[in-house]
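In what follows, one protein chain appears twice in different forms, each by itself as structure tokens: structure 1 and structure 2.
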Structure 1
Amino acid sequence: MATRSDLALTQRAATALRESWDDLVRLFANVGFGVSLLAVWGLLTLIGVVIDQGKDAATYAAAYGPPGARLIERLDLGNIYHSAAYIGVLGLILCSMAAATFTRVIPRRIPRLGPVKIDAIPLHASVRVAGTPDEVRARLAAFFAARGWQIRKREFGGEEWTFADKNNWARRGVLVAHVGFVIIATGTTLYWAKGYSGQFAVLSGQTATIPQTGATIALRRFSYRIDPIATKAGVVYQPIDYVSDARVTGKDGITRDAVIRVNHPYDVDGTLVYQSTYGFAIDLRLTKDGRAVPGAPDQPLKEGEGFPIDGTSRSVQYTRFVGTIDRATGGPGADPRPNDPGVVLTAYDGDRPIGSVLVPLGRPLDLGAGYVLTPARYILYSGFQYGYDPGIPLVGLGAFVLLAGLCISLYFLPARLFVIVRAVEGGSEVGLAATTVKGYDVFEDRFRDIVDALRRSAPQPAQGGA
């Protein structure tokens, strides 16, 4: 059984907990705190833009020196968008937004109708007019209603107040914007949880498989169009079109013809396949003393791929395809189309490059010690990206809602006029004040126009004036 002192202790702990919770909510709901989080988000994003993402330690060491590279590795700056810090800040922003929405936005933006001290509001005026307060109130209601204001009347302490609202509905714009952001965050989380994406390259005549679904894509032919264009700076070879002519087999086992073109993805069982790049794979033949050597590549190599030469510390990399060798210079020509093609090969000793050479296709290259390497022919390959993202509809919806919220809150200014009419000698005095959700300056001109129009339209009191 709990003793009385136990109970008191529990109560004190509960109160302390509650107070701490309230403090935390207050902190999170503070706009300054929210903006600080946005600043941190911006800073992390900037770091991600400046530091090339997803590179290896050697690349960072080359760019920033070993201490810089160590720092990048330790703080996970090379993968910043998926780092705990980045995701954490986004989480905090969501929490902050939620706290602000419930404790500040709703009470501040959607306040109840109540009496105010007219003179204490910076935008205020008083106008003396003829008529009893009741007559004046009726005229005022007609005056504002004719100008599109929504009129409501309430009595407080025996006095009747008139409230005129413009764009009252738009007070919810901030809520809409904040909800939009939450929906986008939910959509992206769905992708992290359930989606996937990847890329692969398929040589003409070969078949590739999407590992997550088992769908296969057989590339029958890849074609491209590159046109020479005369510009002010001379002839430029401009890519015009890339198309993969493929046969795709999905879950149902049926094989279909597919033309996959840039900007026109192909849908296989909900996974979209995109034409993303292309290249020239090279069939490299290696012989020693005229006979084929075991370690030679058994597959055509794509740009950047290489192979070690058996029994030596050396390797050869296929560095780059050259469409047209310039006859005059023997170097690469400007035309990337394979008119008189060659390949740039680079020899490495361990990790160290020891020389590059441009070899015309079909020409044997003597590597010494009886080794001869021949770039025999090129085969076009097509690079695809694929992706499945169940969050897309949510992200799209969220983006739309966010944009709608932005437009509502930025283009429809909710303004409220507080109007009190009191009897004075010879007529009535109309006290008038205006508030908006964006301060007073933004409404100053309009308020002046309203007061001027009111003055002009109202019959003057028997004596005296505003």
Structure 2
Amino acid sequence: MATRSDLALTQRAATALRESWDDLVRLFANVGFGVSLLAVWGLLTLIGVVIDQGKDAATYAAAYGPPGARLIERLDLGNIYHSAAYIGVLGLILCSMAAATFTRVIPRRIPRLGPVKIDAIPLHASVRVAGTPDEVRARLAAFFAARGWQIRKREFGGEEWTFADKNNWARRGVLVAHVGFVIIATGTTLYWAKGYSGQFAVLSGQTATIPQTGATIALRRFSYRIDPIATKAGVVYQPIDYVSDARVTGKDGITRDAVIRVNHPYDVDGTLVYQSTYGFAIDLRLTKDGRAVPGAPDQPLKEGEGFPIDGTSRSVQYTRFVGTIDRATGGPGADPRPNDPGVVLTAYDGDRPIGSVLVPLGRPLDLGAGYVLTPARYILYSGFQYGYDPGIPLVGLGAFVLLAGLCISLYFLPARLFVIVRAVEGGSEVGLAATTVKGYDVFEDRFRDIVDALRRSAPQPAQGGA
């Protein structure tokens, strides 16, 4: 049998637990805490927009340098929408919204019907009219109903109260907005659970595979169009269009012809494939004393790729394709189209760059010690991005619901009138008070008009009444 001290200890523990829970709920319901979580969520989303998602380490190293690439990899910033931090912040936001909804929003915006102290509410008035309280209540119900007010009656302590509401449905605008955010979070979570994205490049005549689905894309031919445009600053060369003529094989094993171009994604098994970029792969041939060197690249290299020179600490990177070499200066020309092409090669000793050189296509480059490197030819390749996001419909629906909730909250004014009728000498006295979810000032003029209209329409009490 539990002793009195055991019961007291259990009661104290339950009280402490309840107080801790109440403190936690108050923290999550705090507006500042919720706004802070939204700011963190916005920052993480912004990082995901600024930093290209789903890229490989070489891409990040080229864009942000080795230190930036290491930071992105360690913090998982290249996959931020799938990261534990992003999903965790969304979960905390949902908890904060739930706490604020049930402890602050619902009690304030959807208050229970109950008696109030009329004189304690800033917007209040009293009107004396003729008739018994029952007759006056019937006339009041008709008065407010004719003006579009919803009438409800309740009895408290033997007194009947009348509650008149206008735009009462709009009290739920904030709740609708919260529901919209929950739908958006659900769509984001669905992408986190089942969605994926990535990128790949395909050389003309070769085939690439989407690893998540096994679908293959064989690039038959890539074409592009670049037009010179005259501007005040000079002639600029603007890419107008790039198109991949491909053959796509999906899960059904059927191969279909596909034309994939910018802003026109191709749907294969629900995965959207986007034409994102293009480039020039270079067939580099390395020889020593006229013979092919082991370890030399056996396939064309894309920009940023390289290879080590066998037996040395040095390596060569294909850095950039130059469409037109300016013969007057020997440097890159403005026209990116391959009229007189060349490549920029960078030599490294370990991780340290030791020099770059622009080499015309087809011209051998003497590296010394019998080594000769020749950029033999270029091959166009097409860069694709792909993605599958089953949460997009939910995110779109959630955005619509969120916007609808905000419009309801901003453009409609829910108001409630508290009405009590009491018998007085010579008739009845009507006490009115008004509240809104946006304070009292915004409803002051309308409340005055209601009171004036009530005075004009109501029969006056008999002479000599108090």
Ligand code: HEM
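By rigid core we mean the largest C-alpha set that fits within 1.5 Å across both forms. Note that the coordinates shown come from a computational prediction; the quantities given were computed from them, not determined experimentally. Numbering for residues begins at 1 and runs along the sequence of structure 1.
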property: Number assigned to the form predicted together with the ligand in this pair; result: 1
property: Core-aligned C-alpha movement of Arg363 between structures 1 and 2, 2 Å or more; result: no
property: Shift of Gln275 between structures 1 and 2 at or above 2 Å (CA, core fit); result: no
property: After fitting the core, Glu305 CA displacement of 2 Å or more between structures 1 and 2; result: no
property: Backbone CA shift between structures 1 and 2, Thr59, after core fitting (angstrom); result: 12.1
property: Core-referenced Cα shift (Å), Phe33, between structures 1 and 2; result: 3.4
